[in-house]
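Quick heads-up: it's one chain on its own, the form predicted on its own, in structure tokens.
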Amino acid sequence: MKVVTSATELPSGCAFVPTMGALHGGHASLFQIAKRENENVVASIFINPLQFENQEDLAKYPKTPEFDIELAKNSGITHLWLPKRDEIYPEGFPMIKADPISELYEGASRPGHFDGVVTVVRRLFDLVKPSVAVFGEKDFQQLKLVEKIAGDVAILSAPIIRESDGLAMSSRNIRLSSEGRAAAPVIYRALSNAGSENELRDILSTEPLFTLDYADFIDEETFLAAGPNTQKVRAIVAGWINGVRLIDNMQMVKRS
């Protein structure tokens, strides 16, 4: 694996996985999918300041550089790109406005977040020039918004990777206290057992350490409330434990 600091050192037409570091098994699964698509697999690590509406959250974002390099090396990455901010955001770079679904759910709770996401993804694509990029379904709303600005880059979605107790893997999980970590699987229990929004919220309410932001059944494509005729229903959940924001989702197509 080659570690580079400039996009000029990267192979064009590669498979690409953008990350913000603090890598874990979920990222490794993305790398492995990318490896099946192309012999050249590029991963980037860049903590994007534009997608943090809370500067304290930006400052607290976990950083594990030595572990990240080892995981990337062991997961089939051929090029690990560690860009500088000036390369991503030169003076006068244009911001992108995300699709209107960005105003819902995560976007409503985190104003400007998705504008920052689509801006950095488009910049990364322009610099790397990949043929395909892989994104996880855990950030489902992000995945749908990236698809809308991808241009000629094929977007592959990857399933959520979970811990043994069902908690979706996330870089933020390491910020949970031991009590918070023990409480966090309530989200998976709720998604796995709820047949309605009321049941989803009722199960989540059994955990006193969990503070709910939203828990809804939506149409996967429009992000509007799911109805009797919705073909692809997805349950989405967001909330806080120990002040750490946790999100998760699950497809509910075959549920009653």
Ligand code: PAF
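These numbers were taken from a predicted model, which means no experiment stands behind them. Counting begins at 1, following the sequence as shown.
Absent from the display: the form predicted in complex with the ligand. The rest refers to it.
Residues of just one listed stretch (154-162, 79-87, 100-108, 114-122) have heavy atoms within 4.5 Å of the ligand in the predicted complex: 114-122. In the predicted complex, every residue of the candidate spot (Q51, D139 and Q142) has a heavy atom lying within 4.5 Å of the ligand. Of the candidates V233, M20, V244, A238, M20 is the one whose heavy atoms come within 4.5 Å of the ligand in the predicted complex; the others do not.
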